[in-house]
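Next up: just one chain, as structure tokens, the form predicted on its own.
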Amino acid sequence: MKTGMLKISPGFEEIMPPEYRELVDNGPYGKNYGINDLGSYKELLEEHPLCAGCGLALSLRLTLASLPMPEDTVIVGSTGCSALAFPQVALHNIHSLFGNQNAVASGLKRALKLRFPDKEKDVVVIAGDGATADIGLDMVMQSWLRREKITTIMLDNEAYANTGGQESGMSMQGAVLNMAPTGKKFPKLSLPEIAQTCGCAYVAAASPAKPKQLAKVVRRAILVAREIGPTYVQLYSPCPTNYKFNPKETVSLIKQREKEGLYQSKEYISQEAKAFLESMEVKK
């Protein structure tokens, strides 16, 4: 997208909302901002309707701040808590049917490549654990097996959080939720390992408790997807509403879970992806 398209037409400056004027004057488009620049520019997501202390909202904010080229990025989302925030995101984004997001993203990426053969257009799927690991797992895995050049980011809050607190495939075994009062009966799905087996060139697990690590893996995933093939990032994003912990303790809870071994950051890079990332470092 040409950044000139964002400019306000002459004569309309004073009637446009101040938030929009600020986004045009001081937004991140075409400026190569990153996580270290947060607080110095108008962000792509500020106000949102998600719960206080929502790990998903924090992960989404940091993810948006880590996009290599926000002006040339299209996000494909799905039903879930994140869908409530996307209307407030200052990026092209599509809301797909529940679980259908990777199929939509696959077609979109192919169409953009035909329409703009000489321009990079990043297609990034951002969805919750229900859309990614349960209802949409078929479409997700098939996009990986086809080697679609898209990035899939799961916001893993370990529950169907916006529909009453049902267990999901990503809930831990024994987790007690509003609609799982006796505890979940089977283990958490190991989706990073499934992604690796299905051919993802880059796979990572991170959390908003370590913003710089989160930014690094999101950026790497998008860059690798451009050139090599599908990539997957899993962001641990605990839900204070359904897991009933103090909203201000979200980050400290993540750190505690990591100490206990209940959550682990990880990174898998294929040999081809590793060579590509090393070449990118040399060019800097």
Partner chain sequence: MYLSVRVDTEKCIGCKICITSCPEPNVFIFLPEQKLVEVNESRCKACGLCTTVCAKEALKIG
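This one's a predicted model, so the numbers in the text were calculated from it and none came from an experiment. Numbering follows the first chain given and starts at 1.
Although it is not shown, the form predicted in complex with its partner chain is what the next lines describe.
J.: Taking a heavy atom within 4.5 Å as contact, would all three of 127, 138 and 188 count as contacting its partner chain in the model of the complex?
T.: Looking in the model of the complex, the three residues 127, 138 and 188 all stay beyond 4.5 Å of its partner chain (heavy atoms).
J.: When the contact criterion is heavy atoms within 4.5 Å, does residue 260 count as touching its partner chain in the model of the complex?
T.: No, residue 260 is distant from the partner.
J.: Find out whether any non-hydrogen atom of residue 43 is located within 4.5 angstroms of its partner chain in the model of the complex, and reply yes or no.
T.: Looking in the model of the complex, residue contacts with its partner chain include residue 43, since a heavy atom lies within 4.5 Å.
J.: Indicate whether its partner chain has at least one heavy atom within 4.5 Å of a heavy atom of residue 30 in the model of the complex.
T.: No.
J.: How about residue 61: is it within 4.5 Å of its partner chain in the model of the complex, going by heavy atoms?
T.: Yes - in the model of the complex, heavy atoms of residue 61 and its partner chain come within 4.5 Å of each other.
J.: Given the stretches 231 to 239, 66 to 74, 250 to 258, 218 to 226, which is the single one in contact with its partner chain in the model of the complex, using a heavy atom cutoff of 4.5 Å?
T.: Correct option: 250 to 258.
J.: Go through 50 to 76 residue by residue and record those having a heavy atom within 4.5 Å of its partner chain in the model of the complex; state none if no residue qualifies.
T.: In sequence order, 50, 51, 52, 53, 54, 57, 58, 61, 62 come within 4.5 Å of the partner.
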